[in-house]
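Read the single chain below, which is given as structure tokens and is the form predicted on its own.
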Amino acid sequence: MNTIDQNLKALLDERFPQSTDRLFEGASFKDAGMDSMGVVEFIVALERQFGTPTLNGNELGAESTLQDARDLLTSVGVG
């Protein structure tokens, strides 16, 4: 598991433990049980965990996956 995945797992285990396994298996946030507010909370947690520039909240949605989050982090210089 790479550093980004280790940090994502720690963040998810802390804030969304019921969703962690499903997200790592490729489920969308919605399919993993996260509603739109949960996704916004996840985006804010990403900003804090990874020290990213402020995101506008539209980068990820309920149909997004953890791979989309990885891609987003890479696009803002994490990793």
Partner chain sequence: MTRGAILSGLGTWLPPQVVTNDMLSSELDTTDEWIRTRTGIARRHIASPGMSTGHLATEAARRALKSAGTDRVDVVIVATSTPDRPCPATAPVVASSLGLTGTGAFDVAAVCTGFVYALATAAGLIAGQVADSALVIGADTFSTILDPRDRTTRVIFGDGAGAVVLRAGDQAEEGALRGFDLGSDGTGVDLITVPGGGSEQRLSGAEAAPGDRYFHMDGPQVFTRAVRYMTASVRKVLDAAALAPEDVAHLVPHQANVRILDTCARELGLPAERVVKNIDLVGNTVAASIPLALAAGAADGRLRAGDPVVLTGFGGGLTWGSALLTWPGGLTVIDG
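Residue numbers count along the first chain shown, from 1. All values reported here derive from a predicted model rather than from experimental measurement.
Missing here is the form predicted in complex with its partner chain; even so, the following discussion is about that form.
- Put simply, residue 55 is close to its partner chain in the predicted complex: some heavy atom of it is within 4.5 Å.
- Contact check for residue 27: no non-hydrogen atom falls within 4.5 Å of its partner chain in the predicted complex.
- Residue contact check for residue 15: one or more of its heavy atoms lie within 4.5 Å of its partner chain in the predicted complex.
- In the predicted complex, its partner chain lies within 4.5 Å of some heavy atom of residue 47.
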